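The data below hold one chain only, encoded as structure tokens and taken in the form predicted alone.
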């Protein structure tokens, strides 16, 4: 299966941003309800204001401090008060709301989505779609039963280096047929979240579910096949070893190495290290004609931008020695180095009835299948046969 975003380049995305900037705002656009006013909720507020194709109908969050922070940031950027809904059903039913963005803690996604779904309105659901495969399957079934779409927030596929990598591999076919894929992320520990929910497997789904579903989504897309076997090794080496919250000890892993075999004989690896000082990502794809390296260096330090790079080690290729990539500063600074901006662009296009390249519930489920199988492999010390594992989990795939 081919995906539309394979055909795009970073230059084309940047040109679209410049065109939108010159056009300016016209009609106020659809009303967005943002459920969850934490770090990701405030990022969605910021990006929606930058894109300018929607109005903020309001937010809903049960955590007063998050609501205050969101309202202060919103007023600072636009000089207006932020509408706040105290009741989730009332918020979803409001005539001012045309679409809903869910960015609450992972373990709440299914319950909140079921409440939102009753409104019949389109939804952007942040990653991971759920913390268990059973909940993920239920969300896929829910999406299939309704006319309004559910879009999944797998925004890493919009990062500049991956947009260009997919174009090189899938459109230009610079490497020939893909044979191997390697990905790695080195980064600091998990950030603080409300109630520190991301320090516990039962709330986050586990590190490979919470953080790495992005990467498994990218690997699945690059392989263009279903995984058949997963083996992983990992554990807790440095982070939060003595951390407790409400008398409960943290149990999240802080490093892992994952091997994935696909039904088309593509093989992939993924390495995670969460006790680095800075942020590093890398995707290496190899084929019979050579090797592609898509990389990024970034930081959690304020005002530190991302440095993305693409190298195509194929004889005669103009990017053999590599080149820098990126988006305009306004996009890069809005969130996830520009990726969330293009996720919102897809949401707006889809609300207007256009074909988009955003992640589907089925794709998000498969990213969780790999992540969950890898977590299971770490726990058992054994390879995981995906067909048997999915059957044991009650999945209908």
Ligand SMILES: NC(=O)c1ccc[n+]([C@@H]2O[C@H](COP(=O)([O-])OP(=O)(O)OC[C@H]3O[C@@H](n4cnc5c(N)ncnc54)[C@H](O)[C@@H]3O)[C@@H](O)[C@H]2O)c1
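Residue numbers count along the first chain shown, from 1. All figures in this text were calculated on a predicted structure; none of them were measured in a lab.
Unshown form predicted together with the named molecule; subsequent notes refer to it.
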| query | finding |
| --- | --- |
| The single option of 194, 293, 82, 138 touching the named molecule in the model of the complex, heavy atom within 4.5 Å | 194 |
| One residue of 360, 333, 49, 66 in contact with the named molecule, assessed in the model of the complex (non-hydrogen atom, 4.5 angstroms) | 66 |
| Option from 317-325, 104-112, 70-78, 228-236 whose residues, in the model of the complex, bring a heavy atom within 4.5 Å of the named molecule | 104-112 |
| 4.5 angstroms heavy atom contact with the named molecule in the model of the complex for residue 31 | no |
| is_contact(residue 35, the named molecule) in the model of the complex, heavy atom dist at most 4.5 Å | yes |
| Residue 54 within 4.5 Å of the named molecule in the model of the complex, heavy atoms | no |
| Exercise: residue 199 in contact with the named molecule in the model of the complex, heavy atom 4.5 Å | no |
| Partner contacts in the model of the complex for 60-81 (non-hydrogen atom within 4.5 angstroms of the named molecule) | 60, 61, 62, 63, 66 |
